[in-house]
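Next up is one chain by itself, shown in structure tokens, the form predicted alone.
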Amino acid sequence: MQRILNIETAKKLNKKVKVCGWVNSRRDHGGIVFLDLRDRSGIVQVVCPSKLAKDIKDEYVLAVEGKVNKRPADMINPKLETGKIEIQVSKIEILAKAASLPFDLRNQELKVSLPTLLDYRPITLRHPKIKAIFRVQEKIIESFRKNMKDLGFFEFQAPTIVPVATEGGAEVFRIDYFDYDAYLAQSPQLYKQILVGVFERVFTVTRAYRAEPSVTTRHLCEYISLDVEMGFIDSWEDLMDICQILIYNIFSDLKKNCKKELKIFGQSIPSLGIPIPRLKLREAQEIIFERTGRDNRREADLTPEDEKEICQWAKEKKNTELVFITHFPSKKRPFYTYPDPEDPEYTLSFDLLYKGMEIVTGGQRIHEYEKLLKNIKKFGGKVKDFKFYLQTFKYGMPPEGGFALGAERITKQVLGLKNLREASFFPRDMARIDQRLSTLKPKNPPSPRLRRARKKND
């Protein structure tokens, strides 16, 4: 007999069917056993004599054959899409047994600590609330792709092994590449700029890596970057216009397609159609100072507390929890960021904040060859290291710019998660690569820098 999905059983009343899945729960009532069987489409209740269900436990994998019957009126479960029917079992095949679970997956909230959640990731991912996180994330990425294609952008696949640190600094993973130094890409930035010189408008869904020696609720060492780059812009503000369209379309798709998941987390999508306010960094810091007395007006970026405060301001004054922050100092942005012609100490760059966290960063890029050469040197880079990249600009490049969205960050903020690790299937940070690194013997003694960071985060 051909297997069907659980969700299809509701249309097979009085017919014999075969379903397969995991035992979500077991309930014994005298000589009758009720099993909730879970597959990728949902849960269906199966009913069988106790002799057929002997020794079957939670998470056993079964193939079940039986007749689809109506449930008695007082047994209907409105929470299930199959809640009006049940399967009267005639045959059960155990496809795989399961050990006793270390915790109860039936608990609606899965009340375990974050370390436990991640230590048992292959199991906790089965929980309906955890699965809901990644259904939302899948929809974010799907919507991103669809909207970029609708806007005339070309998708490419970016390399993640690169010959030079894209954005410099110490926050880069060095790898041994056939006895040569190479790096894990901090972003696909150089490659998406190169491809603007070919396709004009490009995007990619890729992995990016940051060797940040800290364990916070806001950072990962490996994350999903949704990158956009476009040429022939009339103004750097064109980039924020496209970004707003994209964000609002993603939110619209989530509102339409993820009602169930948003309800699980008690979250709603922000009002759409409201122009996202735009503030220069110094303007935002002045507002924060006036509201809190906290004086960070000379800092090169917003602190996490400042990001939360300016989003609260936007909510109160502009009826939105989204806000663009622009004009970050030149010395704190990568070498390719375009300086503001009216004030070169600042850049034509922006971050988009949502509910107190940056979810997008972007800006106009330097497209003139000689200016780019000068800036590489100014930032302490070696022109020879960027020879491959510089070909694009040497042989003609239009005014251009772009931005990148953090898939995990958007997921976290949309669902109100406490920690960014919850929005990553298999999070990497300085404390974990699946296993906790503290449980493994290090290949080499940690550097003083890492020892300080680990001590700080203990």
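So that there is no doubt, residue numbering starts at 1 and follows the sequence shown. This structure is a prediction, so every number in the text was calculated from the model and none was measured.
Another form exists, predicted together with aspartyl-adenosine-5'-monophosphate; not displayed. Remarks below refer to it.
- Quick one: from Glu200, Glu212, Glu237, Glu321, grab the residue that has a heavy atom within 4.5 Å of aspartyl-adenosine-5'-monophosphate in the model of the complex. Of the listed residues, the single hit is Glu212.
- Message: By the heavy atom within 4.5 Å rule, which residue out of Lys332, His219, Lys256, Arg126 makes contact with aspartyl-adenosine-5'-monophosphate in the model of the complex?
- Response: Exactly one listed residue reaches within 4.5 Å, namely His219.
- Does Tyr336 reach aspartyl-adenosine-5'-monophosphate in the model of the complex if we count a contact as any heavy atom within 4.5 Å? So Tyr336 counts as contacting aspartyl-adenosine-5'-monophosphate.
- Message: Just checking whether Gln189 would be counted as a contact of aspartyl-adenosine-5'-monophosphate in the model of the complex - the rule being heavy atoms within 4.5 angstroms.
- Response: Flag for Gln189 set to yes.
- State yes or no: in the model of the complex, is some non-hydrogen atom of Glu167 no more than 4.5 angstroms from a non-hydrogen atom of aspartyl-adenosine-5'-monophosphate? Heavy-atom contact with aspartyl-adenosine-5'-monophosphate at 4.5 Å: present for Glu167.
- Task: Find out whether any non-hydrogen atom of Val64 is located within 4.5 angstroms of aspartyl-adenosine-5'-monophosphate in the model of the complex, and reply yes or no.
- Result: Answer no; every heavy atom of Val64 is more than 4.5 Å from aspartyl-adenosine-5'-monophosphate in the model of the complex.
- Message: Heavy atoms within 4.5 Å of aspartyl-adenosine-5'-monophosphate in the model of the complex: which stretch in 351 to 359, 141 to 149, 282 to 290, 247 to 255 meets that?
- Response: Heavy-atom contact with the partner occurs in 351 to 359.
- Contacts with aspartyl-adenosine-5'-monophosphate in the model of the complex, stretch 398 to 424 (heavy atom within 4.5 Å): Sequence-ordered list: Gly402, Phe403, Ala404, Leu405, Gly406, Arg409, Leu420.
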